[in-house]
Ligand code: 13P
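First, one chain by itself: the form predicted alone, in C-alpha cells.
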C-alpha cells in the first residue's frame, strides 16, 4: 500500500500530512501515539473526492447527531505519524457522519482496511462543544507532549494553579491561551468516559491536559491549534527546567504584571486565577 498521488493535490490532506510530520519531529507522537481530526466543508471535499463512492460504513458507539452530514479527515488507529507522509491514503481517512449520527461512511483513505483513531469519541464530543462556542472551529489535536506529561507528575493538578504556572513561564502564554487549561483526573484512554470529560472541559477552554498522558487542543486552523499546544509545551519545558531550582528563583511574572499584559493585548484572563 502507498500513496496514489491524489492526496498531494488535496490541500486539507496536505495540512494533516504536514502537521503529523511536525508533531512526530517534535517528539510528541511516538509510535502510534496522537491523533488529529479536521472538520472540512462538504463543498471543499467534493472538489477532490467522489463522495458517492463509499468504501465502508462503520457504526459509532455513541450518538453524534449534531455532526450529521459533516466530513472529517481523521488519522487512523494504530498508525504511526512518521508514516503519514509516506502513505497518506493508508494512515489517514476522510469520513462522513450519517444523518442519524450513529455511523459514518469512509469516502477516502484507510486503504489497508484501517479505521479512525480509537480516540474518536473524545474528538467528536469535543468538536460538538467547540462548535457551540465557536462556529469557525475546525481542529481537534491530541499528542503526548513530553514536558506537559512530565509536569503532571510534579505540579498541583488544580486547573487554576496549573494555568497560572504556565502563564508565568513565558510572557506570551496569557495572550495565547487566556482561557487557561482544563485538567482531568487520570482516565483509561479511548473510552467514552474520557471523551465526555474532555468535552465538558472544552466548553470553557481550548486545551485539556490528560495527566501522565498528554494534551488535547482545539482551534480554527491547523496552525492555530499546533501553535496553541506548542506554546503550552514550551511553558511546561521552562517549568521543568526551573522547578528543580525553586529555592533559587529570584523573580517571576507577578499577578499585576499578568493583568497589565492582558490589558495591553486586549484579552480577558479566565476568572479566579489572578489575584489583583
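Just so it is clear, the structure is predicted and the values come from calculations on it, not from any experiment. Positions refer to the first chain, counted from 1.
Another form, the form predicted together with this ligand, is not on view; read the next lines as being about it.
S.K.: In the predicted complex, does every one of 32, 35 and 78 come within 4.5 Å of this ligand, counting any heavy atom?
M.R.: Every residue of the spot touches this ligand in the predicted complex.
S.K.: Hey, of 82 to 90, 69 to 77, 161 to 169, 201 to 209, which bit sits against this ligand in the predicted complex at 4.5 Å between non-hydrogen atoms?
M.R.: This holds for exactly one stretch, 69 to 77.
S.K.: Work out which of 192, 118, 103, 146 lies within 4.5 Å of this ligand in the predicted complex, going by heavy atoms.
M.R.: Exactly one residue meets the criterion: 118.
S.K.: If we define contact as a non-hydrogen atom of the residue within 4.5 angstroms of the partner, is residue 127 a contact of this ligand in the predicted complex?
M.R.: Heavy-atom contact with this ligand at 4.5 Å: absent for residue 127.
S.K.: My question is simply whether residue 213 lines the interface with this ligand in the predicted complex - judged by any non-hydrogen atom within 4.5 Å.
M.R.: Yes.
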